[in-house]
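The chain that follows stands alone, in the form predicted on its own, written as C-alpha cells.
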C-alpha cells in the first residue's frame, strides 16, 4: 500500500445525463479541495477513449495512485475504468466509482440540491479510495467441456456450435426426445417453412455428432464447483427399454394393452398413445419409452398373463429391471436452454377453455393443422358422427399476456405472428371459412413480419380491435361478447371455433434450475441476464449462460441467435484454457473466528466451509472461503456474529469513513 494517497477525481458530464442537473464544474472544483486529491478534471464522456486517456496520462505524469470516476453506475463501466488503470500500470482495484447519474442527476430536478448531493457522493468516494488495497485476480484452469440443459432448438443450436468448434458437449433433455416446442409446429412464420424440415436434420446431427453426448429422458440433479470447474450429476431415468437393442420398429406400441388410450402430450392431449410409446415419428433418439405412471406391469405388477410388449418385441429390448443411473462429469461452462411453458388457458375461465370442446389453444390448433397431428392435418372438431369442419372461426389474442389479472404484464412477442400464421393455414385448409382475429394491438416487429400480416389480411382474415369479455354457449354455437374499440360498438359474434392465442410463461419447474445454479429471476419470473443490453446471455453466476425462451419470450430466429451468442460466450471461456476469478471476495480472520457456521448457512453460493485448524496447540473449527466460488455478495460479512469475515474493497474500515463523509450519523 502506498504511504501517501495521490488521488485523481474525474467527473463525467455523460452528455447531458449528469450535467443537465448537476453543476459539473462546481463539483470538480469542490473535489480538487478534498484531502489527498492531486488532480480533478471533468469531461463530456469519461468512458470514451479521450476520457480514459486523461486518466492514463495523469497516472503516469502526476504519479496518481488512486482514481475516483464520478459518472454512471459501476455496473456499466467499472470494468472499463479498471482496464484503463491497469494499462497505465496501476492496480485496477485502486478505483472507486461515484454514481452521479442513477443516484443523483436522474432522480432529482433541483439543480442546486443535486449539485450539493453530488459533492457529498464524490467526497464519500474519495474517503473510501484512500483506504483501498491492491488486489490480485487469480486464474483457474478450465475444463474444455460444456453442459447444455434443454434439448429444444436453443439447446440444439448451442450444442452444434460448440461441438463443431471441437469441444465436448453434454446435452441433457428431460423428455424422451430432442425437439422441444418447435417439434410440435407445422409451419414457421413468416416464411411458412416446414418446422420439421428445419429441425429434424439438426436433431439427427446432434445425435450423431462425435463431440456431443446426448442424454434424453434425463435430469440434472446436482451442480457444484465454479466457473471452469463445474461438477455435474445427471440422473438418466429408466426407460425400461434397452436403447442399444431397440430398433424403433413400433410393434411394442401397437401391441400394448393401453395402445390408443392414453392422452398424447405431444398432441396436446388430443391424440392417443400407449404406455410404451415414441413421442412423435421424427423423435431423436428413435427409441421407445415406457411410461412408469401408466404401465400396468409397473403400477400393478401384472399385465395379463405377461406384458404384451415383451412378447411382441423382436429385439428383446424391453427390460423391466432397468434402474435409474447417475452419471457424473466435469464441465467448464453451462448453458441453460430450458424453454418455456404455454399459458394455462383455464386461468381465463371467461373464455370457456376446458368447458367447451370447441375452445382450443393455438398450440392445440397447431397440432390439428399439422400433417403429423391427430387428424392428419384436417381441422375437424368432434369425433365420429358428431365430427364437423368449423366455418366460423375466431382468434382471441393476448390470452395470458399483457394481463395484470394473471400476473403477466409482459408481451409474449410471438402471439401476433403465430395467430396470423394459423389464420393463413386455416384459410388454406378451409377456403370458405370466415376467420376473424380479436386483438389489442398487432406487433409485427420482425423481418418480413409486417408483410406477412398484410398478406393474411388480403387473404380475407378480418382483424377486429377489441378485447372480448367472455365466450359462452348458445345452442350449437359459441358467442363472443366484445367491443370494437375502433367503432365504439359492442357486438356478439357467433362462431364454431374459438382459438385462444396463449402467451409464453416461465417453466413451472424453473425453481429447480435456480437452486442448482444460483440464478436470479427478473420481475416476469424468467431467468435474469447479467445486463439487458451489454450481457444478454450472461448470468450473475460466472460460466453460466442463458439461451432462448428461458431468458424471456422470443421467436425462433431470436432464439437461435441467442443460442449462438451463448455458445460463443462459452467458447471464449473454453478456448482460453484459464479464467480469472473474482478478486473482491470475502476473507476470514481465523484468529477471531468462532466457527459458529452461521456464514456457511447464509452464503448463497456455497463458498464457505468449516475446517479444523490448530490454534495455539488446540484444534478449533473456523470458517474458510473458497475464493473461486465466492461472488463477493457480502452476505457473510453482514451476518458474521464476530466480525471475522470482511469483503475485500468493502471492509468496515473502508465503508465507515465513506459513510462519515456523507454526513450520516453512525
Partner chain sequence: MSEKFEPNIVAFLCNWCSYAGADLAGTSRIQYPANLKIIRVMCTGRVNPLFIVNAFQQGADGVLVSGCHPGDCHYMEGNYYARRRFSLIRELLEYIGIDPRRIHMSWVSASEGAKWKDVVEKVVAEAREAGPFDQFRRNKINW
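Numbering follows the first chain given and starts at 1. In this text, all values refer to a predicted model and were calculated from it rather than measured experimentally.
Omitted here: the form predicted together with its partner chain. The next part is about that form.
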Hey, in the predicted complex, is residue 51 touching its partner chain, heavy atoms inside 4.5 Å? no
Hey, in the predicted complex, is residue 528 touching its partner chain, heavy atoms inside 4.5 Å? yes
Is residue 540 near its partner chain? Define near as a heavy atom within 4.5 Å, in the predicted complex. yes
Heavy atom of residue 106 within 4.5 Å of its partner chain in the predicted complex: yes
If you check 239, 117, 507, 181 against its partner chain in the predicted complex, which one has a heavy atom within 4.5 Å? 117
As a check of understanding, the residue in 589, 113, 558, 265 with any heavy atom within 4.5 Å of its partner chain in the predicted complex should be identified as 113
Among the candidate stretches 327-335, 145-153, 540-548, 296-304, which one is within 4.5 Å of its partner chain in the predicted complex when only heavy atoms are counted? 540-548
Sequence-ordered residues of 46-83 touching its partner chain in the predicted complex, heavy atom within 4.5 Å: 73, 74, 75, 78
